[in-house]
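Here's a solo chain for you in structure tokens, the form predicted on its own.
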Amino acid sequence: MTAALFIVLIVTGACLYVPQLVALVGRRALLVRIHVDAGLALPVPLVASFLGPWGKALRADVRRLNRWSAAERRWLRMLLRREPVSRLALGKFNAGQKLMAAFTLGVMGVTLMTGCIMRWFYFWPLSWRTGATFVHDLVAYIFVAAVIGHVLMAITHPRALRSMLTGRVSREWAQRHARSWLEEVEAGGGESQQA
């Protein structure tokens, strides 16, 4: 649901930002309404997934995302130097995935706040409204670029894409890319996500 809302926001935002696109649609007020409603709804699936007994796995993943091991810091340094990183014993998430998760959560917060200032502008001074518009647009551009990169990475790594769609990975993949997490699962200390 979060991905679907992001897609709606990207498409409606592009239509609102590019005059030729809004001319094709022809109903700017409707696009604004859909964009605002999707933006306000964006945190709902995440919050609903996090709360209650059904959110146990997500809460465990959030704890994992908040902890950085020495191997993950080394992974990031090696990646930046373009060295092979497959020999490191990583957890369920590598440093890039952790950075993307933090970035996405930050984008949600910043665009929600700036979008509220833009939508309910009469509560805010002009300088805030101007700044909110600039920040909202800038963050949206950066996020769209990150989404395009994310999609390209998923397309070029079909096994990773399959795992995103199914929520499962093979033992061989886990051994190669998330050895520390595999050891945790096999020891009974984590949820099993084996195919």
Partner chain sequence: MKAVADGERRDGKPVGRRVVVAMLGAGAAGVVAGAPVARGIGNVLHSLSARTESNLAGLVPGGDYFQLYTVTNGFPPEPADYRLQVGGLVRRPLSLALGDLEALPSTALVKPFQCVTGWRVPAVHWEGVALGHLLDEAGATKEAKALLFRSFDGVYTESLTLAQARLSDVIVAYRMLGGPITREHGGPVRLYVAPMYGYKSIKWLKAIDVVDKVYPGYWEQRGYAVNAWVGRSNSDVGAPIS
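Note that the structure is a prediction, hence the values are computed from the model and not measured. Positions refer to the first chain, counted from 1.
Here the subject shifts to the form predicted together with the partner chain, a form of this protein not shown in this document.
Participant: Going by a heavy atom distance of 4.5 Å, is Trp68 a contact of the partner chain in the predicted bound form?
Facilitator: Because a heavy atom of Trp68 falls inside 4.5 Å of the partner chain in the predicted bound form, the answer is yes.
Participant: I'd like to check something about Trp54: if you look in the predicted bound form, is any of its heavy atoms closer than or equal to 4.5 Å to a heavy atom of the partner chain?
Facilitator: Because no heavy atom of Trp54 falls inside 4.5 Å of the partner chain in the predicted bound form, the answer is no.
Participant: Quick check on Arg63: any heavy atom within 4.5 Å of the partner chain in the predicted bound form?
Facilitator: So Arg63 counts as contacting the partner chain.
Participant: How about Ser170: is it within 4.5 Å of the partner chain in the predicted bound form, going by heavy atoms?
Facilitator: Outside the cut-off, so no.
Participant: Based on heavy atom distances of 4.5 Å or less, which listed stretch (158 to 166, 144 to 152, 40 to 48, 23 to 31) is in contact with the partner chain in the predicted bound form?
Facilitator: Heavy-atom contact with the partner occurs in 23 to 31.
Participant: Taking the partner chain in the predicted bound form, which residues along 132 to 159 bring a heavy atom to within 4.5 Å of it?
Facilitator: In sequence order, Ala132, Thr133, Phe134, Val135, Asp137, Leu138, Tyr141 come within 4.5 Å of the partner.
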